[in-house]
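The data below hold one chain only, encoded as structure tokens and taken in the form predicted on its own.
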Amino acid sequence: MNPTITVLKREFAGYFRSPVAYIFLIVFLIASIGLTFFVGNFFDGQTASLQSFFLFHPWIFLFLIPAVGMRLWSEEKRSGTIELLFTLPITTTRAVVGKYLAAWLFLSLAIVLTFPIVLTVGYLGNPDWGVILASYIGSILMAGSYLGICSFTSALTQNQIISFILSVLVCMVILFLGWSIFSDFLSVLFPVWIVDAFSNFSFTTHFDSFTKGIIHLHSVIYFLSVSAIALTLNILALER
């Protein structure tokens, strides 16, 4: 069997051997649905739309995905199992990709499990299913980008708390680049074209098009590129 698939299966099954995975799933579902109904004023919109639901995903991911990613490599380092892992007939690249795909699959499962809110919208009205599907695709791709960064920061330390803080800080900077308040602040210091260039590196800039039902190829490439670059740095950090 492909070593990457072996690692993926082992890691994915490992999430459900402890209560942490179930706690994460419950917290994610409560946070995403709760913010939609109580903060996003879902019913006040008077439209069958999940825009307020997906609006909060970048901010929920900012804290919950580092909570998943912080243990990917820091726990292996702390417990000493990383030495055991690399004595097996598997390359660093395959190990990194296998662990990453397992965590991404777990996060994708968490996102898909929010389907009851989709059923609610379908019951209340006639939503644009194409927009909802595109938004889910964008959310899963964005989660992969967050996770790639978290995997890299986890490889830098054996302390999970430090890994969590580093992940939140890096992802926060990338997230804020597309925030209008942050862009207005940068416009005071830099020319407009530089501010626009910074904005194009933000998660929200590319995720917004998905929430409008538009799947731009360059946005898909952006999310996949962020993940690929982060995983490459992850591999280099482990082989250092």
Partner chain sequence: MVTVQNITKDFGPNRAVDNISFEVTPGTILGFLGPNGAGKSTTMKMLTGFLTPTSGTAIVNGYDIIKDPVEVKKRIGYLPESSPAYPEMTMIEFLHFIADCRGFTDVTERAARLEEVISLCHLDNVRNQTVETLSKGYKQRVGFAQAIFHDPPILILDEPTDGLDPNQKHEVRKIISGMAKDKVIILSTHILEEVDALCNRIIIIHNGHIVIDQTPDEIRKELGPKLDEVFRKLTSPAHTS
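Computed from a predicted model, the values in this text were never measured in an experiment. Numbering follows the first chain given and starts at 1.
In what follows, reference is made to the form predicted together with its partner chain, a form of this protein that is not presented.
Using a 4.5 angstroms limit between non-hydrogen atoms, residue 10 touches its partner chain in the model of the complex.
Its partner chain in the model of the complex is approached by residue 84, whose closest heavy atom lies within 4.5 angstroms of it.
In the model of the complex, its partner chain lies within 4.5 Å of some heavy atom of residue 80. Taking non-hydrogen atoms only, residue 124 never approaches its partner chain to within 4.5 angstroms in the model of the complex. Contact annotation: its partner chain lies within 4.5 Å of heavy atoms from the stretch 89 to 97 in the model of the complex, the single such stretch among 162 to 170, 89 to 97, 145 to 153, 128 to 136.
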